[in-house]
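As a starting point, one isolated chain is supplied in structure tokens, in the form predicted alone.
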Amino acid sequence: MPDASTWDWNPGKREVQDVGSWSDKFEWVEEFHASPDGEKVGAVVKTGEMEFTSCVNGEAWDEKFDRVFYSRFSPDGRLTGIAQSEGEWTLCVDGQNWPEMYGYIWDTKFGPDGSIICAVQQDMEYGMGVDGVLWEKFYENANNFSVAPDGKNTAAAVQVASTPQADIDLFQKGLYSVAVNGEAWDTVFMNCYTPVFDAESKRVACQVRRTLYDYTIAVDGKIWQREFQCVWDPCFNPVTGVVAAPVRLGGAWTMAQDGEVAWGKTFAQCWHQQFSADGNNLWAIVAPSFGKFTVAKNGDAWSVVSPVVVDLAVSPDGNRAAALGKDGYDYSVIVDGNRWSGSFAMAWKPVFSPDSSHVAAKVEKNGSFTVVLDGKPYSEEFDQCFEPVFSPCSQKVLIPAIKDGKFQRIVANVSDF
């Protein structure tokens, strides 16, 4: 991962690029993105008739394509884009293509070591590629692609055998498994969903559907010794390795760990759980009653509710959490069980400072964007801004933003809000 302590954290505003002038050089410009350190801005640009490429800080890539989309900066500041040429696709990284062209490529992900991972379709079979090196074995169906914390190991739910259309008997016997680095487990299930790795990038857990009516969790191919009416995505405790998953029993949802019910309370819904880094707290989005969602810590729910709650964020120390509430068309930010004043047309996942003392979120209101920190908006609004980043000391906030055609890099003190 990039060392944020090496970034420029001097407070103030600095213009990085006059992106408004790009329209003089290109037929059109779209999909602006900012690098994590705010020193680069990239976009897809049209350079001629059916001719596209990407531009970073005003410099276009040499190679041109029939189409470029899904631009993303890697954590170390390289711009990636999925590019099409003559009907085939590849991933272009800072202007350099992966070594081959593919039937299709999508869902770019990044590893902490700088690895870049994509889902790949080649000759109507599906798998994954890491830095252009594909799985040795592809499958006629693969989905729910997952990357390990080390950025080297990958997994997906895969179909391990062909089935004639409408062959329900064969489907019910089981056709799906999980492939890790392209190698499928020996066990097969009616369905598999959402494989996830443990903190050491070695073990894999996933949801499995054993019959038309029974669900459970499988870990490295071995199922829990208990079945449920339904289950959601599992996750590993980063310290103990215990697997937790929301489960439905008797028409209500609760949390189970290693096959046993772990919370004494039940909910109308329970999902998106997340362990704290020390493994001591398990947070989740829950619905104490139908249509009323909030956040729970170890099964104890906040009192504030919204019809929709999304984007749960847990503080680095594991003792605080934040999420977004949605009531009708309005978004709000909820932190530690309290809703910040004001509502927004859109809000993005909250971000905690490294010392867990501050929370910031990018928001949109009346067509303008800004950052709200601890409930207080920044003094300036922008035509576009990107997610804020706290300094390692937690006392400054980086706000990359575009206003009046200028891409700016702003470092604000927490006290400026």
Partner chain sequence: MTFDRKIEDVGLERGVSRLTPERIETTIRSVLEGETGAKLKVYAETCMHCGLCSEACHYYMSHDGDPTYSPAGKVQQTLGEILRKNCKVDGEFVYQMAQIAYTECNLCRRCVHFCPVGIDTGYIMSTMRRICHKLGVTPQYIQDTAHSHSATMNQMWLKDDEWIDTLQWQEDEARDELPDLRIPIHKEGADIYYSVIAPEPKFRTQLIYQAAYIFNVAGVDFTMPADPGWDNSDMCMFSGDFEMMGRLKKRHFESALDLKCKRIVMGECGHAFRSIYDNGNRWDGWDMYPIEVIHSVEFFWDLISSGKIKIAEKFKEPITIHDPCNIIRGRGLMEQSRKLAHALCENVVEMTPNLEHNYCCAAGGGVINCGPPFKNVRMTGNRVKAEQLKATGVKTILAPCHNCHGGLEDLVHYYELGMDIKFFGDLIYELMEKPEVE
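Everything numeric in this text was worked out from a predicted model, so none of it was measured. Numbering follows the first chain given and starts at 1.
Form predicted in complex with its partner chain: not shown, discussed below.
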Looking at 198-206, 248-256, 91-99, 180-188, which stretch has residues with any non-hydrogen atom within 4.5 Å of its partner chain in the model of the complex? 248-256
Of the options 72, 339, 320, 265, which one has a non-hydrogen atom that comes within 4.5 Å of its partner chain in the model of the complex? 72
Go through 162, 298, 280, 172 and name the one with a heavy atom inside 4.5 Å of its partner chain in the model of the complex. 172
Close approach of residue 64 to its partner chain in the model of the complex, 4.5 Å, heavy atom: no
Does residue 155 reach its partner chain in the model of the complex if we count a contact as any heavy atom within 4.5 Å? no
Is residue 135 close to its partner chain in the model of the complex, meaning a heavy atom pair under 4.5 Å apart or at it? no
How about residue 355 - does it come within 4.5 Å of its partner chain in the model of the complex, if we only consider non-hydrogen atoms? no
Three-residue site 343, 382 and 407 fully in contact with its partner chain in the model of the complex at 4.5 Å by heavy atom: no
So which residues in 182-217, when you check its partner chain in the model of the complex, have a heavy atom no farther than 4.5 Å from it? 191, 193, 207, 209, 212, 213, 215
